[in-house]
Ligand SMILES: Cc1cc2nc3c(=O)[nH]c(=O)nc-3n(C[C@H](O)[C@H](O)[C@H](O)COP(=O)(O)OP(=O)(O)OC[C@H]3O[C@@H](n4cnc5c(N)ncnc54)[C@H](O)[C@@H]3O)c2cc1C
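To begin, one chain is listed below as structure tokens, in the form predicted on its own.
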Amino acid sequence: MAFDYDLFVIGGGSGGVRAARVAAAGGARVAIAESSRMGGTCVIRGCVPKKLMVFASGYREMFDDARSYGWDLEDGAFDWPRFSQHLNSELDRLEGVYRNLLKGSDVEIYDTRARLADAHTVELADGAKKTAKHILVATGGRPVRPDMANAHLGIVSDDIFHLPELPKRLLIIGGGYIACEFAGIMNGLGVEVTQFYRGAQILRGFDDEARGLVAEMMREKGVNLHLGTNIVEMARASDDHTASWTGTQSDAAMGAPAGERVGEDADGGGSGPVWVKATNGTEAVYDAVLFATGRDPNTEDMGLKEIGVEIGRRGEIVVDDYSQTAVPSIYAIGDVTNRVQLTPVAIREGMAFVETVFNGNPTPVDHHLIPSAVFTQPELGTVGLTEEEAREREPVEIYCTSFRPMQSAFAGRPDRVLMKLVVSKENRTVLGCHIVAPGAGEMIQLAGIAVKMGATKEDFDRTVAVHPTMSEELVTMKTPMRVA
């Protein structure tokens, strides 16, 4: 059978674009379809704009520090429209880069939604059908709202980047990395931030000691974090709500009668003040409520089940070690598979797919010992096992130190950092490394190399410290803090 293409990629995010380009570079006839903007979640509404917002939010504290270091500075005001315009220009530029890379690789682009008609056929939104020997689904995921009345009044992470102005008072629901990152960002930009998380501690799944310090520092910097707390009821704020709210929460940041309107999302939410009742009995009015309560894979109405592709309980595409689905001609990579939701992982999966399918070299994706960073303030960098995971597996030694770093201590700030190594007692291998500090993301990338190589505690000890730095503590801790 003659096909229109050797490969048809559905989804123009980082993983899909990389797979399309690499396959085309090897001589394959490739097409890609994207219903939104080329670049996907990471480039357009995730990692990149979020990190730029992290940078922007850090300047207020830097200005305060500068005065402690002898600089004569006056307080200024953050100009959200100015920043937002520059941000959108940068995202436009990056999308253009992605498109040019695809065109330069002779990948045919369809700016439309696509779904599967059969094992070798993709149907575009206009009804046109394209056939391909192989189909790669890389449609990513999307933020979801909780199943509750009036949830449409809240916004999700995608909407943050499109607000015409910043809310004065923001409630964030959730305790994962997205919720905590935006809590720090918005707090740094001058927004009064309250955060509800129903669990006992934020950042579930990360090292307990590390996430505990992140929570402590978030509160220290002004985030009004409430653990064991969730939203019970919400409604569009009215004069009655404002009048009846008595401010039973002692901290004024819990909320107050709202001010200006914020942006309106696709579901009509976020267009005015929102009244919220919490499980702790308090009531408050916020300018905006951000739901950061999870993400679901984009598999709805794609014809997947109809042609035999197995879908998991969270809507993810089930694949084997080589990213192949139950239908041999169809593969899936990235967040839509709900394996490891990280952009570099999606790119690796895309590369492994091309190596397997087009280069005749079956290559499974290595999901072991992946370093990652949470861009809270301070940042959390992690690789390998948490202390809790390691203790369940084998006897371990914990090398850990927490201290006030030189830069912030001189400025009079109470900030503390954490450097932690989880070490196997049996063979001395460093099983995990956890860092809470400014620049932890940069540090964990380098520490991740050592951990991935199987470095021992003695390998760390033999490394001469770079002084004076925070990270030198990783190679100077000689005595375990505890043995478990």
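Computed from a predicted structure; not experimentally measured. So that there is no doubt, residue numbering starts at 1 and follows the sequence shown.
Just so it is clear, the following notes concern the form predicted in complex with this ligand, a form of the same protein that is not shown.
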* Asked: Each of 10, 177 and 333 near this ligand in the predicted bound form, meaning some heavy atom within 4.5 Å?
  -> yes
* Work out which of 291, 182, 197, 275 lies within 4.5 Å of this ligand in the predicted bound form, going by heavy atoms. => 182
* Structure fact -> Checking 429, 36, 68, 445 against this ligand in the predicted bound form, the residue with a non-hydrogen atom inside 4.5 angstroms turns out to be 36
* Consider residue 188 of the chain shown here, and say whether it contacts this ligand in the predicted bound form, taking contact as heavy atoms within 4.5 Å. => no
* Asked: Is residue 140 close enough to this ligand in the predicted bound form to count, meaning some heavy atom within 4.5 Å?
  -> yes
* Contact flag, residue 375 vs this ligand in the predicted bound form, heavy atom cut 4.5 Å -> yes
* Asked: Closest heavy atom of residue 112 to this ligand in the predicted bound form, within 4.5 Å or not?
  -> yes
* Could you tell me which stretch in 337-345, 203-211, 72-80, 354-362 has residues with non-hydrogen atoms within 4.5 Å of this ligand in the predicted bound form? => 337-345
